[in-house]
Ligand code: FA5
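Shown next as structure tokens: one chain only, the form predicted alone.
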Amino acid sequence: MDLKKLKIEAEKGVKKASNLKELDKIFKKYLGKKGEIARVFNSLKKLSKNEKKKKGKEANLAKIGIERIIKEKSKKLKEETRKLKLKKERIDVTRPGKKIEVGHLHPLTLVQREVEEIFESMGFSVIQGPEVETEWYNFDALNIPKDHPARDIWDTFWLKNQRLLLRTHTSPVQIHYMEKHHPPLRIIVPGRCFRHEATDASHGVQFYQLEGLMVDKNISVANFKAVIEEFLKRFYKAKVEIQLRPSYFPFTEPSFEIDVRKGKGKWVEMMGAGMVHPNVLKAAKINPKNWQGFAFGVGLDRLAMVRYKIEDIRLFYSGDLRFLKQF
């Protein structure tokens, strides 16, 4: 085989190769295990000692030459590929960045934050409690013993373990807190509650409630009225009137419903409240002869609905961005 001719053919092939894949084929054709150079070395067995020495030297030189031009071509192709890739992936750091869309706080979050800020300015602490409760904290300690007819008011989600349930109100946190903290005290408890009832424009299986509790030596309904009027005035940023209507809650005595009116508008039922029942204080190991207080509960959903003039509570939990982006 003419090695000079073989080398020229290889050089022409390398020159024509336009990418690394084509170059790899040329490498295998001439320098692979079964390539042209390998065939030359295999044919040396048939030659005499002098011819083998001469032909072997020529074959080695041809091999080195082809390896060199393939290596040079490979380096060139890799550089061209790198430049092309950089050109395609080039980033102009002087261009202004794409503006990231700002998220929206949920209306219930906005309302909760504002409510917390108002009450904290009046000396109340914001307290959290568990959403999974025991029967004792959710009912018994709140003066609602087993088989008490008032339990029917709270349509309860019972867990498989019948001693556990999803809390129906935030009132159990009153007991948790009073067990560990001695009066005087004033707290609010925002949180999610659950009730097994039909869903409609004003009811849902889950909702957010705000519990309030103030206990001291000389607390009266007048203290409650002053606190709530101040809160509502700040929250609605307007002068408000409130009226107290007699009602019934097992954990307060006396109990009353609070109606609110802005200006000459209609009266709107806003919350339930009352003076903490002595049995509730006793359950928390507090002597009702020395301490007394008021408690109230208001739906954060209700506050948000009145604030933003929303008529359907289900919108809060729909996940509809068209609704959420308004806030």
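All values reported here derive from a predicted model rather than from experimental measurement. Quick note: we count residues from 1 along the sequence shown, nothing fancier.
Missing here is the form predicted together with the ligand; even so, the following discussion is about that form.
Contact with the ligand in the predicted bound form, judged by any heavy atom within 4.5 Å, is made by just one of Thr156, Gln209, Gln112, Asn143: Gln209.
Contact with the ligand in the predicted bound form, defined as a heavy atom within 4.5 Å, holds for exactly one of Ile66, Ala273, Val280, Ile26, namely Ala273. Using a 4.5 Å cutoff between non-hydrogen atoms, Trp291 does not count as a contact of the ligand in the predicted bound form. For Glu257, a non-hydrogen atom is located within 4.5 Å of the ligand in the predicted bound form, even though that partner is not displayed. The ligand in the predicted bound form comes within 4.5 Å of a heavy atom belonging to Arg302. Using a 4.5 Å cutoff between non-hydrogen atoms, His203 counts as a contact of the ligand in the predicted bound form.
With the ligand left out of view, the stretch that reaches within 4.5 Å of it through heavy atoms in the predicted bound form is, among 125-133, 112-120, 92-100, 170-178, 170-178. Applying a 4.5 Å heavy atom cutoff to the ligand in the predicted bound form picks out Phe249, Phe251, Thr252, Glu257 from 231-262, in order along the sequence.
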